[in-house]
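Below you will find one chain, with nothing else, as structure tokens; this is the form predicted alone, and questions on how it binds or moves follow later.
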Amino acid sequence: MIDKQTTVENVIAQIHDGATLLIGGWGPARKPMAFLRALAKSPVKDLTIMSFAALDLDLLVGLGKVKKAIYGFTSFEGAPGAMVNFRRARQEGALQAMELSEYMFIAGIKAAAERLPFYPTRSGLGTDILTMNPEIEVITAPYTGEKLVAVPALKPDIILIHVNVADYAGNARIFGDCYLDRLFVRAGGKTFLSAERVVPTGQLAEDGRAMDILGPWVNGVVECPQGAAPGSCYPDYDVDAAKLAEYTWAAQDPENFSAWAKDNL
């Protein structure tokens, strides 16, 4: 097997201005924050971020890295904190956005994973999602004549995912809910994993359970203990409530946030 271990710096060096990133995890859970902190400090800009979003999107928006956000929701999901930077950017018209239902977002990733131009769904019919996103077409099903939404393929250039444990070849295990990460890694582009631990393959598979992510889908893996902090990574650690509260306080003012970022990233 090919040794795919690399560094955070090498991963970030492969992200260019204008790239489209698909970020794994869900809300504040199991986000690849080690990668995102490094990206936030880099000169890269004009990114399109696709995510079930929380701190990941809000951090990059607050530091002027994001041109467009595509999301199924934006929420800290009960964790302390709020998406202050994201809300301010939306209110000021400083951020392009494609706001979708959760299933429409999944359908777009499914289309990319299956190498289809779009994915049909009923989700979104009769809602303002279509009014706000006129580029999304309603089509007539050829067999039944019913109206369906054709969600365009959401194709990433780079996929960033945090896992509990991986081996040097990129095989990985996720403890607890995998969310949509098994699907995300098949959506195209380059996939990079940050892992709480990198272990020998035999140790990774010693309980006989199948891998959650297979190495052939992965371009690089980096050992990053506490790599999802201040979010959670079940069962290794929960959200850091104090850090998230501090982050939210700093984000209330753009100048304060820039100063906070210099000291905390």
Partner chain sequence: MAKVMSLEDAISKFVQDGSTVLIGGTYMTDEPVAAAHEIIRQGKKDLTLVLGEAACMVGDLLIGAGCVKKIVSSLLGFMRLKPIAPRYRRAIERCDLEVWEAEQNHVHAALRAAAQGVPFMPTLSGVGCDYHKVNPDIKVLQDPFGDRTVNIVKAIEPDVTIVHTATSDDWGNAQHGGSLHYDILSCRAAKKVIVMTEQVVSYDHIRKNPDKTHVIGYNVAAVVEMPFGAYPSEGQACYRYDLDHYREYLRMAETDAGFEEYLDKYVRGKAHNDFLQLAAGTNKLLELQTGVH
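Residue numbers count along the first chain shown, from 1. Everything numeric in this text was worked out from a predicted model, so none of it was measured.
Here the subject shifts to the form predicted in complex with its partner chain, a form of this protein not shown in this document.
> For the three residues Lys67, Gly93 and Glu99, verify that every one has a non-hydrogen atom within 4.5 Å of its partner chain in the model of the complex; reply yes or no.
Negative, none of the three is within 4.5 Å.
> Could you check which residue among Leu183, Leu125, Met132, Ala150 gets a heavy atom within 4.5 Å of its partner chain in the model of the complex?
In short, Ala150.
> Given that its partner chain is left out here, which of Pro120, Pro80, Gly189, Gly176 has a heavy atom within 4.5 Å of it in the model of the complex?
Going through each option in turn, the one that passes is Pro120.
> Indicate whether its partner chain has at least one heavy atom within 4.5 Å of a heavy atom of Lys110 in the model of the complex.
Flag for Lys110 set to yes.
> Any chance Phe73 has a heavy atom within 4.5 Å of its partner chain in the model of the complex?
Answer no; every heavy atom of Phe73 is more than 4.5 Å from its partner chain in the model of the complex.
> Examine Asp157 and determine whether its closest non-hydrogen atom to its partner chain in the model of the complex is within 4.5 angstroms.
Result no; Asp157 lies far from its partner chain in the model of the complex.
> Which of these stretches, 160 to 168, 189 to 197, 84 to 92, 112 to 120, has heavy atoms within 4.5 Å of its partner chain in the model of the complex?
Among the listed stretches, the partner-contacting one is 112 to 120.
> Heavy atoms within 4.5 Å of its partner chain in the model of the complex is the criterion; list the residues of 1 to 33 that meet it.
Read in sequence order, no residue approaches its partner chain (within 4.5 Å, in the model of the complex).
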